[in-house]
Structures are given as C-alpha cells and as structure tokens.
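Read the single chain below, which is given as structure tokens and is the form predicted alone.
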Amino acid sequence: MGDSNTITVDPFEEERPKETHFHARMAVLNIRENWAAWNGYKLANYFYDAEYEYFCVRNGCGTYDICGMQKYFVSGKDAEAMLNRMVTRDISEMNVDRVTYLVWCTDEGRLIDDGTVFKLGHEHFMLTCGSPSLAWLEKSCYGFKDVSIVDMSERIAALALQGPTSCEVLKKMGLKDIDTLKPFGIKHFPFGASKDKPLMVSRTGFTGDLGYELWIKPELALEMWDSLYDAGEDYHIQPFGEAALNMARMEAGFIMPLMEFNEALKTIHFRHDHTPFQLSLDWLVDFKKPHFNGRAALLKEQHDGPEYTLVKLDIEGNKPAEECNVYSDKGCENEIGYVTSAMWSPVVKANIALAMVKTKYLKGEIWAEIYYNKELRSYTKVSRCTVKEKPFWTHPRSRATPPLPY
C-alpha cells in the first residue's frame, strides 16, 4: 500500500483555466456556458449569441474582459531607453498619461508581438500584449543598468467598454470630465471608498468605434463592474465575447494574432511568421531613431519590398471567404495568397476579408475561390476581389473630443 499522505495526480486530467477578476459576474450572464481560454484564463467566446453581442457594441455599449492580457511595469532611469531599443516605433517623445500602439521584432525583423505602451510617469511605463513576454523583456534589459520589469498581469483587473454610448455610461458612473479625454489618453479617477485614484481609464479599444479600457486593483473589480452596469442600465450595456470582438475588429481592419500573424518565437516552419512590412505596419517602423531590434533586416526589406502584403478585400457576393486561397486569374491557376479573416459585415453590408497577397500581384486582378455548404451540399464559387485602402468601417466619434452625441 502507498503512503496515505501521497497525492495522486491524474495525468489525463486537464488543467482548468483560472477565473478572471470579473468571472463571478460574467458566469451568471454566460447562459450558453461557451468558454474559451486566453493565457490560462477563462474567456467567453460568446454569452448568448455572437451577432446579438456585436449589434450591442455597434448600437449601445458592451464590456469585454481583458484580464487575460499581459501587463508589465517597466521602470527606472533606463526604462525608456530599453523600450525604445526593443520596439520599432520611437517612444522617446511620448508624454506622460499617453498610450501608443507598437510592435517588436527579432534581429531578423520577424514580428514577436504587438501591444501598447502606457507612459505613466517619466520613468514608469506599462507594456500590454496578448502573449507572455517576460523572458523577452528580461533579455532586452541586458546592457541597461537601471531598469526593472514587474509582471503585473494578475495584479491588475482590466475591462474594455466599447460602443457609442460608452462615454455617457462613464459620465453617469461619476467619472468627471471623462468626455475631455482624447484618443490614446489616460486619466485617473477616485473610486469607491478609496481616497486615492485607483481607477485608470484609457481611451483605447479594438472595435473602430468610441471606446475605453478600465484598469483597477483586483479587490475593487466587482465593485467597479456593478457600478458600471448600474450606470449603463439605460444605455443597453451588455457583455460581449471573443466572437463579437473579432467581427468588430475585422471591420476596423485591425490584426489579430494567430489569424493575421504568427508570433516569431512560436513558429516552427520557416517564414510562417511575419514582418511589420508584410502586415502593412510600416508606419510603426522608425528608421530615424537609434538602433532597435531588427533594424538592419527591416531596412533591407524596406529597400527590396515585402514578398507578401496584408490587404483588405471587398469580395463580390455574400459568401464569406473563410480559409480560402486567392488567385490572379478566374481560372484559379496561379495562387497568389490566402485569406486570414473573413465575414459578411452587417454594418458595411459587404463581404469583407483580410488577406496575405504576394506584393507583385496587388495591381492586377484578384479572385477568391470560396467553398460553402447549402442544404448539406458542398459548393465552390470564384469571386472577384477589390483591394480597399481604408478600414471597412470606423466612426468619427472614435476620434472626436468630446465624443459626438449618440
């Protein structure tokens, strides 16, 4: 007989995802019990119906749990220099209480991840990103004497509030002068019984519409949720999941990891990762600033041109071009790329897609070979594609200060 104190571990038992700081409220609302996982946390794929949640975001406002996002405090006299050495964008001119979007690469110029940097003080930054990046951040500190990295991922509760009525909800919640907050700006607010300002609000989001992200201590998370939902009762506030977010971000032309790009440190096959130029993020690469990771490789790619370019496609018909290839001729004899994301857009009333296309074919005809099912039968059709330069959909209120009334 074994020792009675021995703990037996079932090798076939799956590790259960952790619950986020808002899970107690979301679990009650997730009537479909449809959960996914993000960095070890439970994440709702949808609560009731993905299209219903999408329309809530487009016509009212919705909350999306971003507790699973990685959050790192980078501080010290060398913090700005270290980050500026790591990322491709120049952040040396950032003002305090501002946010900026950026990417960072390997020495070969391949994209590791994208994210945002919050400048919280002259020597204090917060980096947020979709995947764990602590090891890369620590490697990037080599050569810098005064810089520290603290993983705050589990010590900050974060919730996105997106949609045309989001500002009105925050105003009713008591956040004074929230309507003066500019895009990519940050403000700090008192909340609850606390005498300091534990609630940080950034005017950021992933939907192409007016939106904010709320950052607070975990012990205040549920109190903030309740206060937000009490204020939003007359403004159609609803939670939304990953499926609805994916619809909204696609219309706005935003990229998603594991869909538009693979992270360079995780790929196995050669050239199954991507560069900023391939992802049409060349505006995030600043060759005027001092040396940064991947500079030489990206300078060469800028001169030679990327092999592939991510483009926005308006596709004839109404059958989404999911997981299809694109061709330079209607006969589908010359494959020139592949679709990364596709959907029928309810707002644009168009069949839209993001696709990686060989750059040299962008000025010619592009055709998509679409597969679909109808009444248990499989069909194929070939549809003409038109390249779009601008996002499929954004709203002026996303940039207006104060936001346009709704």
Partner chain sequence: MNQYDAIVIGAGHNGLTNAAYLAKAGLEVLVVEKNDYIGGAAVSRELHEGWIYSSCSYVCSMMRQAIHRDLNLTKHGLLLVPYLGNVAFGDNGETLVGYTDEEANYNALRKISPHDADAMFRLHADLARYAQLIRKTLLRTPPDPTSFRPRDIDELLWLAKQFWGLGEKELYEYIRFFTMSAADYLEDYLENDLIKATMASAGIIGTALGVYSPGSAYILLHHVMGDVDGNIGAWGLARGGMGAISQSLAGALQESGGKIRLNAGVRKILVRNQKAVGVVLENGDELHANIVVSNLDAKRTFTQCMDEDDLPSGIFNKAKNFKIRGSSGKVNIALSGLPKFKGVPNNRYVNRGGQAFVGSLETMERAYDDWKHGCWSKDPFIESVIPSAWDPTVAPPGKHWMSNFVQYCPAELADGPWTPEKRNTFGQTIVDKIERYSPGFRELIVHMEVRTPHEIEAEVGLTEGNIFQGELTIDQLLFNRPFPGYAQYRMPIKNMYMCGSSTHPGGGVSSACGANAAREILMDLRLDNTVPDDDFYDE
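What you see is a predicted model, and the numbers here were worked out from it, not measured in a lab. Numbering follows the first chain given and starts at 1.
One more form of this protein should be noted, the form predicted together with its partner chain, which is absent from this view; the next part is about it.
**Q** Between 204, 328, 238, 128, only one gets a heavy atom within 4.5 angstroms of its partner chain in the predicted bound form; which residue is that?
**A** Contact check passes for 238.
**Q** Just to be sure I understand the contacts: of 38, 35, 48, 371, which is the one whose heavy atoms reach within 4.5 angstroms of its partner chain in the predicted bound form?
**A** Only one listed residue qualifies here, and that residue is 48.
**Q** In the predicted bound form, is there a heavy atom of its partner chain that lies within 4.5 Å of any heavy atom of residue 248, even though the partner is absent here?
**A** No - in the predicted bound form, heavy atoms of residue 248 and its partner chain never come within 4.5 Å of each other.
**Q** Using a 4.5 angstroms cut-off on non-hydrogen atoms, would residue 244 count as touching its partner chain in the predicted bound form?
**A** Although its partner chain is absent here, residue 244 would stay clear of it in the predicted bound form, with no heavy atoms inside 4.5 Å.
**Q** So, residue 358 and its partner chain: in the predicted bound form, are they within 4.5 Å at any heavy atom pair?
**A** Heavy-atom contact with its partner chain at 4.5 Å: absent for residue 358.
**Q** Does the 4.5 Å heavy atom contact test between residue 316 and its partner chain in the predicted bound form come out positive?
**A** Judged by the heavy-atom cut-off of 4.5 Å, residue 316 is in contact with its partner chain in the predicted bound form.
**Q** Mind telling me which stretch in 210-218, 68-76, 159-167, 253-261 gets its heavy atoms within 4.5 Å of its partner chain in the predicted bound form?
**A** Going by heavy atoms within 4.5 Å, the stretch is 159-167.
**Q** Does its partner chain come within 4.5 Å of a heavy atom in each of 104, 277 and 338 in the predicted bound form?
**A** Checked in the predicted bound form: no contact with its partner chain for any of the three.
**Q** Scan 349-384 and note down the residues that get a heavy atom within 4.5 Å of its partner chain in the predicted bound form; none is a fine answer too.
**A** Counting only heavy atoms within 4.5 Å of its partner chain in the predicted bound form, the contacting residues of 349-384 are 349, 350, 351, 372, 374, 381.
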